[in-house]
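Next up: just one chain, as structure tokens, the form predicted on its own.
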Amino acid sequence: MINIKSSREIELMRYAGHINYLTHEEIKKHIKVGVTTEQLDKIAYDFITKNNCVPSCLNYEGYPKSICVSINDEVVHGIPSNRKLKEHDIVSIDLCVGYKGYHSDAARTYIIGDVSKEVEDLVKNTEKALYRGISKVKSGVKIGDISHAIEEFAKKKQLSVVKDLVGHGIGSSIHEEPDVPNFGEEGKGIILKEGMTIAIEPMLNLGTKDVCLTDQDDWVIVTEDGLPSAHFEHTVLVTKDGYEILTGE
């Protein structure tokens, strides 16, 4: 079932989204060589709880940490550990914040030091693909319009779209209906309505679109060819005439 949010629910999600944004800003200060992903997780946990919120990922379906930190060929769900960030890494931070039972979800990918131009372009164009998708959001349009805009931009930049993972509705649960794919046809899918809240999250790869679970656990998803992947995400409110990014500044 697709939930249309009341004004009260939207206000709770606005606060969760604002703290999500501020948490990302806090983490960004510490993204550097030698920092462990566990340290980033603690920074996020402390900041979120200090602001009267909860890290929604912690213990979600058994996930053991507060944030996901995915490095290089890791697409999503990298589990924080004693692993240290290194020169030339690209690092995706994905986090969910809950406030009084309502959630926000956002992701960013960072570059550490110098990387090749193609990796730099991967990160830059994945973020641009996110905003191409968001630009299509308003009451009355169809999900496929978002999906198509992301896929066409990715194709133009010669990047592959991960098709095994998609965006989603969000609200009183982290994952709600509808799915928001990063590929598809214009004019297809469900119609967006004012008051819907969705997480749009392109995951683009430098090489193949194919991904797989690592052998170590049931969480970390990597590219099959070992080439880098980037991930950007915002939680977005559908309005009558457009959209509001709830995880923006």
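No experiment lies behind these values; they were computed from the predicted model shown. The first residue of the sequence shown is number 1, and the count goes up from there.
From this point on, the text means the form predicted in complex with a small molecule, which you will not see here.
- Against the small molecule in the predicted complex, the set 68, 168 and 233 is in full contact: each member has a heavy atom within 4.5 Å.
- Screening 190-198, 206-214, 55-63, 28-36 for residues having heavy atoms within 4.5 Å of the small molecule in the predicted complex returns a single hit, 55-63.
- Heavy atoms of residue 136 never reach within 4.5 Å of the small molecule in the predicted complex, leaving it off the interface.
- The closest non-hydrogen atom of residue 84 lies beyond 4.5 Å of the small molecule in the predicted complex.
- Among residues of the shown chain, residue 97 is not one whose heavy atoms approach the small molecule to within 4.5 Å in the predicted complex.
- In the predicted complex, the small molecule stays beyond 4.5 Å of every heavy atom belonging to residue 148.
- Scanning 175, 155, 124, 163 against the small molecule in the predicted complex with a 4.5 Å heavy atom cut-off leaves one residue, 175.
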